[in-house]
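To begin, one chain is listed below as C-alpha cells, in the form predicted alone.
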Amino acid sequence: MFDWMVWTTPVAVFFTSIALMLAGMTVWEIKSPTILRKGFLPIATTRGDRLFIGLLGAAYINLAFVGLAGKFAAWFQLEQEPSVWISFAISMVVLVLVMRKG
C-alpha cells in the first residue's frame, strides 16, 4: 500500500513526531483551554496557532535542507551530503522556540 513512499527512518520519525504533537495538543486543549497571548510573532496566538506556525517552519526548514544538502557538501567539501537528522534537530528547536516564545 505504501510502496510508493520512501519511508526512511528520519522521515518516519518526523511524521510520527507530528502525529504525537497533534494528539498531545488535543489532550492539552481539552484539559486546559488556551487563551490568546502575544509573543514575538506579530499576532496574538493560541497554542494551536503557534503549533501550526511552528510545523510550517519545520517543514520549510526540512525542505530547504534537503534541497541544499548537495550544495552544503560542495561548499564545506564534505565526502557525502549531511544527514537529515541535522535538519530535524534544527526544526524541532525552531518549533520549541515558537511554542514557548511565539
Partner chain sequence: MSTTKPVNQKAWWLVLPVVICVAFSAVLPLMTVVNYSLQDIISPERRVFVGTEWFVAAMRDEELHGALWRQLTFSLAVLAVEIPLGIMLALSMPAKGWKASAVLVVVSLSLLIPWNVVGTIWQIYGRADIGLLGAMLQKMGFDYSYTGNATHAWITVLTMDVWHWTPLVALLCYAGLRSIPDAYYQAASIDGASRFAVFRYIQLPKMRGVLMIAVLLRFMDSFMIYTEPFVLTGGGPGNATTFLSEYLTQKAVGQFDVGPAAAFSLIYFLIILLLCFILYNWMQRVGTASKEGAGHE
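Only the largest set of C-alpha atoms that superpose within 1.5 Å between the two forms is called the rigid core. What you see is a predicted model, and the numbers here were worked out from it, not measured in a lab. Numbering follows the first chain given and starts at 1.
Another form exists, predicted together with the partner chain; not displayed. Remarks below refer to it.
Engineer: Can you work out which of V11, V94, M25, I86 has a heavy atom no more than 4.5 Å from the partner chain in the model of the complex?
Structural biologist: Here the answer is residue option V11.
Engineer: Give a yes or no for G67: in the model of the complex, does one of its heavy atoms lie within 4.5 Å of a heavy atom belonging to the partner chain?
Structural biologist: Yes, G67 sits close enough to the partner chain in the model of the complex that at least one of its heavy atoms falls within 4.5 Å.
Engineer: Looking at the partner-bound form in the model of the complex, is P33 within 4.5 Å of the partner chain by any heavy atom?
Structural biologist: Contact with the partner chain, no.
Engineer: Is I43 close to the partner chain in the model of the complex, meaning a heavy atom pair under 4.5 Å apart or at it?
Structural biologist: Yes, contact at 4.5 Å.
Engineer: Answer with yes or no whether L51 is in contact with the partner chain in the model of the complex, where contact means some heavy atom within 4.5 Å.
Structural biologist: Flag for L51 set to no.
Engineer: Out of 50-64, which residues reach within 4.5 Å of the partner chain in the model of the complex, heavy atoms considered?
Structural biologist: F52, I53, L56, A59, Y60, L63, A64, in sequence order.
Engineer: By the 2 angstroms cut-off, has the C-alpha of I30 moved between the shown form and the other one once the rigid core is superposed?
Structural biologist: After core superposition, the C-alpha of I30 moves 2 Å or more between the shown form and the other one.
Engineer: Quick one: once the rigid core is lined up, does Q80 have its C-alpha move by 2 Å or more between the shown form and the other one?
Structural biologist: No, because once the rigid core is superposed, the C-alpha of Q80 moves less than 2 Å between the shown form and the other one.
Engineer: Rigid core superposed, CA of I18 - does it shift 2 Å or more between the shown form and the other one?
Structural biologist: Yes.
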